[in-house]
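One chain comes next, on its own, written as structure tokens: the form predicted on its own.
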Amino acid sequence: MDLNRRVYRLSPSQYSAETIAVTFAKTSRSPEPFDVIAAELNDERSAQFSEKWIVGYGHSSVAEHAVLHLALENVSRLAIETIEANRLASYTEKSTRYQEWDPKAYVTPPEILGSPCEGEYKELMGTLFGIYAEALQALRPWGEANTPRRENESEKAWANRARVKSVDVARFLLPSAAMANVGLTINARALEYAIKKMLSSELEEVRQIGAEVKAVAQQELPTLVKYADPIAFLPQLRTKARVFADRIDTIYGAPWCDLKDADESGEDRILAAVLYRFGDDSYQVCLDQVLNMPNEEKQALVDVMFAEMTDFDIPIRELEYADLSFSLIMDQGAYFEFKRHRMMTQTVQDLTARLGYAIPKAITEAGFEMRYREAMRAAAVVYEKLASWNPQVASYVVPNAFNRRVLCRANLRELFHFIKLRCARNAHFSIQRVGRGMLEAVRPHFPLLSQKIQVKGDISAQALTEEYFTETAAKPIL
């Protein structure tokens, strides 16, 4: 037996994803090297092993070694919400911030095809994409006026930066029916559950995508995803839970960024965990030590935690010992970025046209506000008609400008990442506002640690609102 250290790869070009997973699984019982085990396998033997041990005996973690890269094209942005609702996966999607949308690049949901609503739906899509194209042109002079030329910058480079500014604002007009592409990297265990969720969707488009993903995945994973079926309990849960929810009298006026729950002892518990990690006392002894520390000593320990960190470093894991919960209202464009932070626990309501919409100040300054309001009103009218028939399908017509409610719970380490990334000055101003609002809510509860969240500038959420928005919750006149 060779006892020299070896580090090498099992190439997906040589072995199927399922064979690689089985190779790693067999090492728990076999003394042979991985490449020897892999050489003894073929697709049939791998499938037999998977059927017996992974499926039959429930050793599901083995499926995490089988990884697929899937390309999904021309799916609606509404469908992407379900596609991306998986914590253990990686996604990259077509951006509304940098690309201009083709006026025909929208999905007509299967439920609407052939229905009495089809004509009105397509007419609205024509209206929204038409006004979107008008907005791009109307915003060009504004974009150029608000894009200072850099030293030695070419005309082409400057013009492109000015164009992107216009695209960044015009995106508020794009509906959830707009087509997009998304690249997905995911292991077989997570993929099985992702397929189950897609097959259980209330939207036919998503169910169709789920079936197509399953069929494509089985070409590489004939066993590991073949039992991915709809989740049986979800339909009744939805129906019965909505009965309870419908009994609530709707009251508007909640704060847009509301910290609902913060762990008041969070800083002490984080510092105690740091002492525990680098010492040899019990956790209770460490906590008692922290509780008896003067603030100056606590500050010194916090300073040590962050002293040598660079912008590219990640805070230590002990920050995860404190949790916070937020109830948020943000525009759909901001939510599409917010949802990518999947380490949070997020609960989102259906997208509607009932919480008002944002009007970017650039739209007003470009002299396009009246036309913009016409688009939002048209979308709201069609939304209400469709919602009386099918509220979930109605979400396809709602533009990015409309607001949405999101409940989230995150630990302080995740909030460090979110706030640092989304409060950067190159982030979209909608998500910057969310990040700043959350940071301001965190500071009173974590005064020592929150000062270590690295954000450039000290602009407030209110100042961002005043700088970038004419209104954040305009109501369509129906």
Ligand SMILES: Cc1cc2nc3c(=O)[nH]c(=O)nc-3n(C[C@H](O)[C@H](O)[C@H](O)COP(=O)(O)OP(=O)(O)OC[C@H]3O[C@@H](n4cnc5c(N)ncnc54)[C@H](O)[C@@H]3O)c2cc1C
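Just so we're clear, the structure is a prediction, and the values are computed from it rather than from any experiment. In case it trips you up, residue 1 is the first one in the sequence shown, and so on.
Below: the form predicted in complex with the ligand, not depicted.
Peer 1: Mark residue 421 yes when one of its heavy atoms lies within 4.5 Å of a heavy atom of the ligand in the predicted complex, and no otherwise.
Peer 2: Judged by the heavy-atom cut-off of 4.5 Å, residue 421 is in contact with the ligand in the predicted complex.
Peer 1: Answer for residue 314 alone: is it within 4.5 Å of the ligand in the predicted complex, judged on heavy atom distances?
Peer 2: Result yes; residue 314 sits at the interface with the ligand in the predicted complex.
Peer 1: Under a 4.5 Å heavy atom criterion, is residue 341 part of the interface with the ligand in the predicted complex?
Peer 2: Although the ligand is absent here, residue 341 would touch it in the predicted complex, with heavy atoms inside 4.5 Å.
Peer 1: When the contact criterion is heavy atoms within 4.5 Å, does residue 95 count as touching the ligand in the predicted complex?
Peer 2: Although the ligand is absent here, residue 95 would touch it in the predicted complex, with heavy atoms inside 4.5 Å.
Peer 1: So which of 417, 26, 65, 445 reaches within 4.5 angstroms of the ligand in the predicted complex, heavy atom to heavy atom?
Peer 2: For this set of options, the contacting one is 417.
Peer 1: Heavy atom within 4.5 Å of the ligand in the predicted complex: which of 193, 276, 91, 256?
Peer 2: None of the others qualify; the residue that does is 91.
Peer 1: 373-381, 396-404, 95-103, 197-205: which one contacts the ligand in the predicted complex at 4.5 Å, heavy atom to heavy atom?
Peer 2: Selected stretch: 95-103.
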